[in-house]
Structures are given as C-alpha cells and as structure tokens.
Ligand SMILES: Cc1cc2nc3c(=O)[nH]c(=O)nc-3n(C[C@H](O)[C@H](O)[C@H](O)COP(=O)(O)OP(=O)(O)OC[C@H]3O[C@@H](n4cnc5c(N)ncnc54)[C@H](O)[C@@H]3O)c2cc1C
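In the form predicted alone, a lone chain appears below as structure tokens.
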Amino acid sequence: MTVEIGRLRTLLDGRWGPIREEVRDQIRAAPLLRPVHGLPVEAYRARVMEQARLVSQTRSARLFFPRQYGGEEDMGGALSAFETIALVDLSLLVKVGVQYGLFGGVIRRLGTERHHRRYLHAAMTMELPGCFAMTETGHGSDVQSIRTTATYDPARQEFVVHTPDDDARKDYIGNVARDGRMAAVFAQLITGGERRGVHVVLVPIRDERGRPCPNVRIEDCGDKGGLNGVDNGRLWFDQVRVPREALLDRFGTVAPDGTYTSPIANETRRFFTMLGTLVSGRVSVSGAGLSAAKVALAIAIRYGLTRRQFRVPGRDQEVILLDYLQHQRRLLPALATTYAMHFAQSALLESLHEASDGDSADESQQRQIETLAAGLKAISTWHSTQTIQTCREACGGAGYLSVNRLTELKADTDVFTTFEGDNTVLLQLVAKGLLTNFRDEF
C-alpha cells in the first residue's frame, strides 16, 4: 500500500493545519527550539525562559488573546500550536501553558474589562510573567477546600491575602521559583465576616528587579522527576494587601463598602462555573501527552525498521526488528490507538473552539465539553505513559540513552496523569456527568 505523505499530513493537521505548519517552520528555523539534554537545572530554566520569550513574539502567543488587546482570538488555533510546540520540549510547553493558558486565561475568563486592559497585552508579550496559584500542599484535587484567605478591609478598600499555615501554602506552582512577577491566587473570599467561596485575586510576588515583594515568601520546589526547565515553587502570604480592583470579579463583585454580589447565587454552582471556564487546560494537557506519544512511536518504529537481530536459516542478512510479529504487536496497536486518540482530540478541539473556549451560554453544551475534556485527558495521558514505556523497551539499550529522548519523554509526561486533575478523580467526574445527563432525560 502506498500512502501520500502530504495528503495524510493534511488530514491529520485538520482545520488548523496552516498554524501547525507555521510552528513546524519556526522549529526548523530556530536552533533555540531544538531539543537538548543534560543541561544543569538553572541553565535549563534559563533556556526555557528564552524559548518562551521567542514564542511570545510569534503568532502562537497571539492566538490565545482577544483581538482588542493585540491577539487573534483563536482558541482552536492556539491549542493546535500548543500541541506542535510539545514536539520540541515539554518544559517549554508547560512554561507557555502556564503563561498564556493559565495566567492569561484566568484573567481573560474570570476578569472584567479593566483587568483585560491592564494585564492581557503584558501577559501575551511576556512583559508580565505570571503564575497560576491554585494548588496548596494540603489541597490539590479538592480546590473548593483550599485555605488561603482573601479578607476584605472596607476601611482601606483592600484585600488581605494570607496563608494561615504551611498546609495552606501554594505548592508546585509553575513560574514561581525564578521568573514570575504576579500570581493569580485562588483564595477563600471573606467579606463582612462571611465566606463567599473560592475566588481569584491578582497578587504581585516580585518587583521589576526580581526581588520578592514585602510579606511574600518564595521557595523553590527543587529538582523534579521531569520538566526541570519549569521553575516550580511555593508561595506564602503574610497579610499581603492588594487593592479591591485586584479581585477577578466576573462572577463575584465586592463594592467599596464590602457588599458582595454575584450573578450566580449558589456558591457551589458559582465555583464550578468558574472552574468550567478553564477547561482548555485539560484539553491542552491531553494534546501534549499525545504529542509525546507520537514522538516516541516515531522514534521506536523508525528504529525498528533499521535495527536488525538474528538470522533466518539460509539467509546471510539479519532480520529487521519490525518484521517480527512480536515487535509489531508491541508497537502497531499503540500506533493505531494514538491515531484514534488524535481524531478524538481534534473533535474535542473543534467543540471547545465553537463553544467559545468552554464559555458557552448553553449549559448542556458546556457540561458535555467539560465531561469530554475530563475523560479524554485521563485516557490519553494514561495511554501516553504506557506507550512511551513500550517504545523505550522496544529500542533496548538505545532507548535508555538520553540523546534519543525516550527517557526524557517518559519523565516529563509522568506528571500529566495527575496535574490539571488527577485522572482517577476526572473519571469520577465523567461518571457523574453521564449520570446527570441520563437523569435529565426524564
């Protein structure tokens, strides 16, 4: 069977094929965007930040942001570019994902016009490196129970952001240890002595010279099992004051006198509505994991087509690995599954794009996208973890050499099964969504 590569690539690239090709051209043209290995942690972090600044000058960054602030407002294109960048270095992918998808995304989705005017262009250009401070040492999946507080002081019209103890410190936060200057902090909002649930407050953490802001404590998480180009860190706040306008108040507003109002009266419903606007994060992690699996399969299958082992009686030449049925059974089902997952990811990307980045006014459509994103993120990242390990084994000792990337891909994607939502918890959300939809049919 003959396959025309150009037509196959066009099919796989889909609706945003020109954007994917544009990113591939940038990778070919820029030596800085080539994969490297063996760098010390600090040198690696500096390189990834330099790469991120390079990306910030390209269309890939603009796709995430609204047109009125210099962007192109194309979420499907943005996530397609994101998946392509993942072919280079997953630390770079996480770095720009934190900056554009999480920090920029939470301002765009949960903020109002004044926040957009003040921060979005600076986030897009990396003029303002930011962080997404949700996870705490004591609360990862259970975000609704986080313990950082933002208490409103009407006398000074300020929020007082505070970490009550080490269990409530912000932990494993990307961009914190080295580069971040502002954090979007998830905290329990308190006004008039009453808790109003989890909201997001923008808190400066470093000045323009890179020094920690007063009463902000920053700590490096140190070496990790992978993704060491990302400067994960911890944050403590000791009665840090920020202006009333620092609250991202699309779903909850605090008046100068401390009066709280929200278009969504129920606190739990308001919380899940806020988190629902950030569904693109799960979609991007799913795509990144699949990109890593594609790289691993390309390496292992090409190796299997050149490496020879053992002779057939009566023949002088040894047999190529991929001629062995056992080798085919290891790699080809994983390849077929990756193709299937790719098309599922493409369909989800289309749905997210058409639903305005998970901000659809149609509650049923929004719930369906959230369920699909949770389920596909879990299944695809588990598949990627298993596939990369299989590819490593299929390459023998060569697969264990850092220069061949498989060990790095394995290390970098391992955390994908637990960040942006623990996979086991996400599948429980899928089950809940399916049961809710079934109930609503009656």
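For every residue, the number given is its place in the sequence shown, counted from 1. In this text, all values refer to a predicted model and were calculated from it rather than measured experimentally.
Just so you know, the form predicted in complex with the named molecule exists too; it's not on screen, but the next bit is about it.
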query: Hey, in the model of the complex, is I173 touching the named molecule, heavy atoms inside 4.5 Å?
result: yes
message: in the model of the complex, is there a heavy atom of the named molecule that lies within 4.5 Å of any heavy atom of T148, even though the partner is absent here?
response: no
- request: Please check if G197 has a heavy atom lying within 4.5 Å of any heavy atom of the named molecule in the model of the complex.
  value: no
- prompt: How about M134: is it within 4.5 Å of the named molecule in the model of the complex, going by heavy atoms?
  reply: yes
- prompt: Since the chain is shown here on its own, which stretch among 388-396, 58-66, 27-35, 413-421 would lie within 4.5 Å of the named molecule in the model of the complex, judged by heavy atoms?
  reply: 413-421
- prompt: Among T84, G281 and Q365, does every residue place a heavy atom within 4.5 Å of the named molecule in the model of the complex?
  reply: no
task: Please pick, from H121, H327, R206, K224, the one residue with any non-hydrogen atom lying within 4.5 angstroms of the named molecule in the model of the complex.
output: K224
query: Of these, T163, S91, T191, N232, which has a heavy atom no more than 4.5 Å from the named molecule in the model of the complex?
result: N232
